[in-house]
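Next up: a single chain in structure tokens, the form predicted on its own.
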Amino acid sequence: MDQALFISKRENLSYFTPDFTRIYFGQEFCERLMPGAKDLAEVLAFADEQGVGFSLVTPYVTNKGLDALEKLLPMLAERRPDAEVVCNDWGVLHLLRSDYPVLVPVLGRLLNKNKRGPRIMNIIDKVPPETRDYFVGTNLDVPAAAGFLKKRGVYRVEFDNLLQGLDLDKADPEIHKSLYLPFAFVSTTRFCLTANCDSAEGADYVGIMPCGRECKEYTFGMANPVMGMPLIRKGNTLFFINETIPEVVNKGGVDRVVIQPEIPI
């Protein structure tokens, strides 16, 4: 079992232990939080020193975000041509295949389209068996979807530790699967409610606007009886915590566990 450490800032390299065989570094949820070239170079140097694999994690992006990635990918391709790039945007995958074919594409968890909200646990035992199978299945069960990925060189897909569980028995065996622990994301949006949250003047404004990266300072707890468990709002994204090791790991359906010691924003 491959064990990877996921960090979103260079300082969190302090979480690294010899148990890890790979470092994930980057940002899934906001292009404004992508690392700069200096931080990427330092984390790459650390990975080289430790002799471990490296995966650059990328978010969904605008054209501005694509421009920022264009400052990182050439260095990554030159220094670590065996590196993975976790893509959470189809445009990023296209860029990778067209301009950086040496790098290894991985489909991020934002694109696997699993049903992930905690409210699903209110109905999972009440629906017909075929409906439950749908909620625990993945798009890798569909030959056309798996073929679409393999045609583009994608042979690894990332998954959250869903409350209802994952059934990978029917998933394409040629595509490897990773599982993220313990933070699972519920939803994300470019309309960040954390932006300017500590400014009285900004109280009436919600939208895509300049921010002071308040998400680095503030984390909000959210509770609703319908959800059945607490939610965490960090920046533009909602998370829940699921520390239970699912059966799919013990059955060998997953060959990499990605550990997030902190919320990955």
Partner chain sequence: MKILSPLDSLEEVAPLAAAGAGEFFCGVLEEEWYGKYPVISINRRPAGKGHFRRFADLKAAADAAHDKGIPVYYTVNEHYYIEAQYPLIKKYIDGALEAAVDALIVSDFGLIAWLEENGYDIPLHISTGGTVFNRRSALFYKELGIQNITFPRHLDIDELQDLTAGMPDIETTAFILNSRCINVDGYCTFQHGLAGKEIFPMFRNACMLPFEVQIMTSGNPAQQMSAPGHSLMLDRQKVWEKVHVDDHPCGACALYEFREMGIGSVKVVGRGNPTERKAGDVAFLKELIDMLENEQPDRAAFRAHARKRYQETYDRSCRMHMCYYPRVMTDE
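Numbering follows the first chain given and starts at 1. Everything numeric here is computed off the predicted structure, so don't read it as measured data.
One more form of this protein, predicted together with its partner chain, exists but is not displayed; see below.
For Gly165, no non-hydrogen atom is located within 4.5 Å of its partner chain in the predicted complex, even though that partner is not displayed.
Within 4.5 Å of some heavy atom of its partner chain in the predicted complex lies at least one heavy atom of Ala195. Proximity of Ala45 to its partner chain in the predicted complex falls outside the 4.5 Å heavy atom cutoff. Contact check for Arg80: every heavy atom lies farther than 4.5 Å from its partner chain in the predicted complex. The candidate site formed by Asp39, Lys71 and Pro173 is entirely out of contact with its partner chain in the predicted complex, as no residue has a non-hydrogen atom within 4.5 angstroms of it. Between the options Cys211, Leu33, Ile232, Val52, the residue in contact with its partner chain in the predicted complex by a heavy atom within 4.5 angstroms is Ile232. For the stretch 54-76, the set of residues having any non-hydrogen atom within 4.5 angstroms of its partner chain in the predicted complex comprises Tyr60, Val61, Thr62, Asn63, Leu66, Asp67, Glu70, in sequence order.
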